[in-house]
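Consider the single chain below, provided in structure tokens and representing the form predicted on its own.
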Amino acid sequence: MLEACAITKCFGATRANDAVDLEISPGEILAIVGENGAGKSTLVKILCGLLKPDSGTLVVDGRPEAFHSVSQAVSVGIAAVHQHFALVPSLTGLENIWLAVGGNRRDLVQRAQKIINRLGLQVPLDQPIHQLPVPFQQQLEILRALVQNCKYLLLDEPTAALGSQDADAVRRLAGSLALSDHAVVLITHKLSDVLECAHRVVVMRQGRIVGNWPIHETNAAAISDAMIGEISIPSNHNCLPNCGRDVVLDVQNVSCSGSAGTAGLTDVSLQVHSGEILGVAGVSGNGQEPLAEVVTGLKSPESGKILFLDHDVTYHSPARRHRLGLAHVPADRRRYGAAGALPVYGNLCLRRYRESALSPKGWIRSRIWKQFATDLMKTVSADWPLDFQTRHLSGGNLQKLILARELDASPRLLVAVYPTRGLDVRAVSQTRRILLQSRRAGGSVLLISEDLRELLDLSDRIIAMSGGRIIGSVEPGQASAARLGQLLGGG
């Protein structure tokens, strides 16, 4: 058994974990849920040796342990797969495993292949990581942990970046590991993960455990109430029609290549009108992210044309498009949406720091920046410490920061890619409200999401993508999640 006894961890005045007691048994799937900032990820980092607790004890199989490194935790059978993978992109899968394990490569291949065959994994060992789609990278992380004789596997948001089919595969894999006497810990926001595969659920709030039940003794409503209490998720259905006839974005017959393992774009055409939320549905890897990249200027199309407010922006830089009124919330908010080493106020000023109002005569004036950031935080009802390093913000707070910065200048078009991925219920609600407020103010939104319910709730119109092509469109009032799912599946 793995036990956490009175674990406490503070970051300044913030008590991330407050006397947490937890037991994890082999053969068990334990789900840990809670809002962003509830202390889940901090607890996982302590369990796997990434962080040292301020007080409290870890006990592994009856022996007290004090981890000073990840390798110490691995040596006693504890390994974590984090939401942001720790793989070297230029190396192959086998080389990444060898970096962690060492030894004879032929023996290593045999050990890895036995695990692949036993669990039905599909991960190729001879391809560079950057050529593998996200589900295969995740399988490789899990395989690396198992090759190191992991007994306690900690999965941080394992389905956050996956479509429904890949998420089902992860849940089945967790079940197979539990049957082979591994302990699996799921840190998740998705109640579907909890209800479909967990044996027990622990609810955290403000650094404490406030609920701990066998899964057959609870339900989704009870878990949600324990996390945050009752909360409404905004929907677009009750909004008055706000779409104008003016075309804000006109994508004409655009084609481009995709990254390895994912589709590019093939002859894609679409229009977004003023005051419209256009939803883009599709299973992961079917061209949604290349679409966002060519619209925002991160990728140049190989053919076709992109018009924004009647300007030909096909080969314009992201900065030029932003000056015209185009904003972007990227899929990977930590890697592309913010500079983690900068303080909160620095990130909030990133779009405007060149302006003379913030930097008179080109000089940085921190007092002016901080006042600007304080005013900007009020637009999203936030009150973060201005000097707090952005990398320490929870996922929901980081998303609010990015939205506040991107919507500051009232853009004509916001490209939002998976804007609620990995967020808890409260953060999802806040993010949706911000998107709808932008729409009511006359802005347009290109909403890319794999959550069919979210698309139906927020969109004025939905297009479906498969294999890099637009395969159809539906009106939310005339469609259901089942109908949209059938369309994506070729029905």
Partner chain sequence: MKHLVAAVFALLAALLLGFVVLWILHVPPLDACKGMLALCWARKMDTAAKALVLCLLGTGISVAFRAGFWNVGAEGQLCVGAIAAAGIGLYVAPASLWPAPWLWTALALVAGTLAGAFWCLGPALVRAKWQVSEVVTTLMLVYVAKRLLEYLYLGPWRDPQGYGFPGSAPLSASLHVSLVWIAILTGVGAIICALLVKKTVIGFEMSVLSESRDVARYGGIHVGRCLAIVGMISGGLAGLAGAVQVTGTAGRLISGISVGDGFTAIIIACLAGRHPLGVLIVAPFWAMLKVGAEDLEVSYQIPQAFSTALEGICLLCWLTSVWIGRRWFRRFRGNLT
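Numbering follows the first chain given and starts at 1. What you are looking at is a predicted structure, and each value in this text was computed from that prediction instead of being measured.
Keep in mind the form predicted together with its partner chain is missing from the figure; the text below concerns it.
Shown alone here, G340 lies within 4.5 Å of its partner chain in the predicted complex, counting heavy atoms only. Interface membership of P89, defined by any non-hydrogen atom within 4.5 Å of its partner chain in the predicted complex, is ruled out. The shortest heavy atom separation between K400 and its partner chain in the predicted complex exceeds 4.5 Å. The shortest heavy atom separation between P330 and its partner chain in the predicted complex is within 4.5 Å. You can rule out all but one of 273 to 281, 359 to 367, 71 to 79, 101 to 109: in the predicted complex, only 359 to 367 has residues with a heavy atom within 4.5 Å of its partner chain. Residue R335 is the only one of K305, K378, K114, R335 with a heavy atom lying within 4.5 Å of its partner chain in the predicted complex. Think of it this way: in the predicted complex, its partner chain has a heavy atom of just one of R118, R172, H84, R391 within 4.5 Å, and the residue is R391. Along 401 to 439, a non-hydrogen atom within 4.5 Å of its partner chain in the predicted complex is carried by I402, R405, E406, in order along the sequence.
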